[in-house]
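In structure tokens, the next block holds one chain alone, the form predicted on its own.
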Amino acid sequence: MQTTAPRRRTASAVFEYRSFDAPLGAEIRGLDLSRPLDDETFAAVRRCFLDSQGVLVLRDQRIGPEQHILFSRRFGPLAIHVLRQFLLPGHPEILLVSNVIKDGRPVGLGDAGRYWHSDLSYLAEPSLGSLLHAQEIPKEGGDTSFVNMYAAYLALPASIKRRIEGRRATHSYRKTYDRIAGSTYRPALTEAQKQEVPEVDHPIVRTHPESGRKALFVNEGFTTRIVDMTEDESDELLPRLFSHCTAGHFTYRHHWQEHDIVLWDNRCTIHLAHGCPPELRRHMHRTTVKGDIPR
């Protein structure tokens, strides 16, 4: 079920915006990203992004890599992923999220998102947001779920809020990567790649730089421990936070349609890829917008 909001109108564009009947998420229809948006229209799209609580779906975007990159750059500079073997040739801003095997080798990161995570939370300046463009979607499976981390924070018991107030947690790219390295889609990291992704500490609760709202900023994919807490205390509290966020109360599950672009806010959401049968192709293009230091 969806709720209808008034059409958004600018001097050069009219598009339909609908909020989902879910804890987060909305869609835009009738906007064509094959042509650059004027500043007024882009500002309206950015307002829709913030209004969506962290997930904005732009339907039926029949665009190529150049247009995808140009639109993504409107939100900020783009990150280049450490797994450079899975970048789109000629367009290093695009990470191939793909289970396609060509000549016996994976063309992209086929098991991306198998743990709940926020993209690039393991960097000193984590991502603002990611934009995933559907190239080929399977007839079965392939959904992506998102959690509203604003709502997850608000719903925490007061006792837990007191325990995490002002605390920081460590994020590590290698937490889950090393566990599954050597699989079809996970080549072992080189020493140079390891140097690019040292561990970092971030606030457990961050204030969103645009909305001013507080959100939980931990995830099972990359968060390893709570700083200045005993190992036993950290090992007890972190799983409680993970379970609280992902219990289903704050979740929107996205069923992909052809040519969807999904834009999500890594500052106030986490997400999970549900996977699909291995014989079905799932091929996507992802850009990732650089962010700032969490406060």
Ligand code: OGA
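None of these values were measured; they are calculated from a predicted model. The numbering used is simple: start at 1 and walk along the sequence shown.
Another form, the form predicted in complex with ligand OGA, is not on view; read the next lines as being about it.
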inquiry  = I need to confirm a contact call. Of 112, 164, 189, 128, which residue comes within 4.5 Å of ligand OGA in the predicted bound form, counting heavy atoms only?
reply    = 112
inquiry  = If the cut-off is 4.5 angstroms on heavy atoms, which of these, 176, 211, 135, 144, is the one near ligand OGA in the predicted bound form?
reply    = 144
inquiry  = Residue-level contact is defined here as any heavy atom of the residue lying within 4.5 Å of ligand OGA in the predicted bound form; does residue 94 satisfy this criterion?
reply    = no
ask   = If you check in the predicted bound form, is residue 202 within 4.5 Å of ligand OGA, heavy atoms only?
value = no
inquiry  = I'd like to know if residue 273 sits close to ligand OGA in the predicted bound form, meaning any non-hydrogen atom pair within 4.5 angstroms.
reply    = yes
message = Taking 4.5 angstroms as the heavy atom distance cut-off, pick the stretch from 113-121, 176-184, 213-221, 153-161 that is near ligand OGA in the predicted bound form.
response = 113-121
inquiry  = Under the 4.5 Å heavy atom criterion, name the residues of 261-295 that approach ligand OGA in the predicted bound form, in sequence order.
reply    = 264, 271, 273, 282, 286
